[in-house]
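There is one chain below, alone, in structure tokens, taken in the form predicted on its own.
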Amino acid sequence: MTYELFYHNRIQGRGEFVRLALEDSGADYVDIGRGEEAKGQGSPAIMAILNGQGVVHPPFAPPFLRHGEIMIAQTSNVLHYLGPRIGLAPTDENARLFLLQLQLTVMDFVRDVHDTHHPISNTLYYEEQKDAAKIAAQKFLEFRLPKYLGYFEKVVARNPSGARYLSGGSVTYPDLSMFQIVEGLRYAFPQNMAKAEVNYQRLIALHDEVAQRPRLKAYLVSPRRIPFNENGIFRRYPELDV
């Protein structure tokens, strides 16, 4: 049965974490709002579900996934559902819960990254909060960035299997998400990441291995991979990369 992913069509955003899992696994899916399948009806299709009176379990916002009669929202929740079904999570409940824990922490990380350029409100343009953004970015780079990267580096180091992944002996969906985190940080803060990466060699090795996975490698150079841009989560503002 085909998976239907509902997300915006011009940014990677939080939907990209789900796209990476679907692409890497070779799952049969339609990216609503993009491609020939959507026929330009992506936004109306999303709004019809968000505002539809007949939707029993309405999502708050994209991304959300439809699989037959099942509707699932929130990035971490979607990946928790998808993981064992597409070969990116074990079926053991304890292991699955740890992967969910990791993914929830990833999304906390994502929120902190977003708040470097929108520290006051996401209803204001970046240019309206640049001074606050400079302070927020400085504190993020000084304190939050090493705290998050250090945590995930520690998780890889303590993997009971001895493998170089976040959990277990093979790639799982948080590994793909960590790849996206490194890619996004390299785009947004190239100078700081160039200096920081030497301290997180396990994470960088994980990133590099994930990047070479055949399906994912093909996706990354395809038109389906939306480039990073200044409308997404990871934005390159040189004045913040101090």
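What you see is a predicted model; the values in this text were computed from it and never measured. A residue's number is simply how far along the shown sequence it sits, counting from 1.
Missing here is the form predicted in complex with another copy of the chain; even so, the following discussion is about that form.
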Mind checking whether each of Ala73, Leu104 and Pro160 has a heavy atom within 4.5 Å of another copy of the chain in the predicted complex? yes
Could you confirm whether Glu93 comes within 4.5 Å of another copy of the chain in the predicted complex, counting heavy atoms only? yes
Quick one: is Val55 in contact with another copy of the chain in the predicted complex, heavy atoms, 4.5 Å cut-off? yes
Report whether the minimum heavy atom distance between Lys130 and another copy of the chain in the predicted complex is within 4.5 Å. no
Would Pro59 sit within 4.5 Å of another copy of the chain in the predicted complex, counting heavy atoms only? yes
From first to last in sequence, which residues of 144-178 have any non-hydrogen atom within 4.5 angstroms of another copy of the chain in the predicted complex? Arg144, Lys147, Tyr148, Tyr151, Lys154, Val155, Arg158, Pro160
